[in-house]
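The chain below stands alone and is given in structure tokens; this is the form predicted on its own.
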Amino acid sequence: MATTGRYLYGLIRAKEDVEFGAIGLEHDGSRGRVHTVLVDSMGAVVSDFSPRERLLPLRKNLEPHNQVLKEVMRATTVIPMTFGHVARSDEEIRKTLRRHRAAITAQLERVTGAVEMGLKVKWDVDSIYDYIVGVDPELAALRDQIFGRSTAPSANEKMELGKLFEDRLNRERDEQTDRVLEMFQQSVREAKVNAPKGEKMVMDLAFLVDRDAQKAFEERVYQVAGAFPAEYVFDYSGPWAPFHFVDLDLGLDAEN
């Protein structure tokens, strides 16, 4: 019979065992019972899982992982683990918690009473090139110079224009991101800037927000959005577990 290990979802403050129900990853044909493994006032949120079983980041596995974190968040602050961490036993978890006690305590203090809120801002325009040209006179002048004559532009000229466009695009992103961060400064604990994905993405931000200030944060999003032109579309999400605001390596295996 295979030894049963523990799948690890996150870490919480807990002085006694906490049961979250059978909402975990599937194990032996049914959803795993989610509970805690304790050391002093720290608890690892776990469910049964074979350490020999290959764990793939499929939807059937990712959904219960995220569901558990949402359920735990309803009750308390959680340091979330990324998908795929499996320990061989409760004792391995206890040893890990003891070994990293100081780091875990510091991380819990950092995020206690807070949740993560996401904010993405995009340009709602047909052509991002035409939009940036329209707001940057120097870029517009260079474009008109090399395309406004009878001879076709050279490869070097096109390259120069392309480099200037990228420079102006990134500068516009940086300026608007700094502006938004300044406008949210009094509403959040911390902010994290993620790399934008796609040309029309202006910014991808994560905010650490007090749990009881979520409504105020949402209202602030609308206030900030109202200060920008219609081409800027604001889209917030959350609350989430504070993935972007914890940095903790427990040395447990991640199979994903």
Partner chain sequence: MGIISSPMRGLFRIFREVADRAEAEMYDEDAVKAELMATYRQLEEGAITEEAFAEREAELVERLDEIDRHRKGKGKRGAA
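As the structure is a computational prediction, the values presented were derived from the model and not from experiment. Residue numbers count along the first chain shown, from 1.
The same protein also has a form predicted together with the partner chain, omitted here; what follows describes it.
Between 63 to 71, 41 to 49, 211 to 219, 28 to 36, the stretch whose residues reach within 4.5 angstroms of the partner chain in the predicted bound form through a non-hydrogen atom is 63 to 71. The listed set F20, F245, F234, W240 contains one residue whose heavy atoms approach the partner chain in the predicted bound form to within 4.5 Å, identified as W240. Though the partner is left out of this view, K120 does reach within 4.5 Å of the partner chain in the predicted bound form, counting heavy atoms only. Although the partner is absent here, A195 lies well away from the partner chain in the predicted bound form, with no heavy atom inside 4.5 Å. A227 falls outside the set of residues with a heavy atom inside 4.5 Å of the partner chain in the predicted bound form. Not displayed here, the partner chain is kept clear of F184 by more than 4.5 Å at the level of heavy atoms in the predicted bound form. Along 56 to 92, a non-hydrogen atom within 4.5 Å of the partner chain in the predicted bound form is carried by L56, P57, L58, R59, L62, E63, N66, K70, F83, in order along the sequence.
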